[in-house]
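Shown below, as structure tokens, is a lone chain in the form predicted alone; questions about how it binds or moves come after it.
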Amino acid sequence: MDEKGRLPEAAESTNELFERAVRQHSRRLLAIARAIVGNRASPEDVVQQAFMNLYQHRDRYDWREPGGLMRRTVVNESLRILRQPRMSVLPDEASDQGRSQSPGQHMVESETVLQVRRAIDRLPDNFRAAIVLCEYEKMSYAQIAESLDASIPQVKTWIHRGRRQLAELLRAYAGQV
């Protein structure tokens, strides 16, 4: 055992490695799902389904470096959900940010976040996923291409076109603030 009371990696079972990966990456994967599906679906359900899919086939994968695999699975599940017809709209969660701001500042910031989320929700699925992974996850074009099963030039095109569409969608709002 090491200083943290864990077995050496070679002695850890696939189940133990999987469980550790879930604990370590859940918050980040939830943020990715939330950014991609927005209010079209429950991000928790997206992540849970992705975990269930991975768990069913856990023996196929190397769980010592699971970040990329888990991220790609959540992105794919998010995109699958977006392709389904909408059933209902869920309300956005309240933001934890801005607790020390004045009520007026907080309202403006909350409205801005809401407008940006709405604009991102209106983007085509591939544009939305590429922008979320680039801007919020700070992933490289190569990582985004791998996650979305696309070429690097295609990812660059999606991001460029998505940013142009976002600018157009937010133009009226930006003039009001």
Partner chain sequence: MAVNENDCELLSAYLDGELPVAECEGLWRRLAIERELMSELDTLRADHAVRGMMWSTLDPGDQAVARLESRVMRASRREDILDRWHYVSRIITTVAALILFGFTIGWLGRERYIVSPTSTASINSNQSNHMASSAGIPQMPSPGKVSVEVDDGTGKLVNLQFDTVDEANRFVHDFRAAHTATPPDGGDSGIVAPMDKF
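Positions refer to the first chain, counted from 1. Note that this is a predicted model, so its numbers are computed, not measured.
In what follows, reference is made to the form predicted together with its partner chain, a form of this protein that is not presented.
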Review point. Every residue in Asp62, Arg64 and Asn126 with a non-hydrogen atom within 4.5 Å of its partner chain in the predicted complex?
Key: no
Check your understanding: Though only this chain appears here, would Glu146 touch its partner chain in the predicted complex if you measure heavy atom gaps against 4.5 Å?
Key -> no
Review point. With the partner left out of view, is Gln48 within 4.5 angstroms of its partner chain in the predicted complex by any non-hydrogen atom?
Key: yes
Review point. Is there any non-hydrogen atom of Gln56 lying within 4.5 Å of its partner chain in the predicted complex?
Key: yes
Review point. So in the predicted complex, does any heavy atom of Leu169 sit within 4.5 Å of its partner chain?
Key: no
Check your understanding: Hey, which residues along 154-169 are within 4.5 angstroms of its partner chain in the predicted complex, non-hydrogen atoms only?
Key -> Lys156, Thr157, Ile159, His160, Arg163, Arg164, Leu166, Ala167
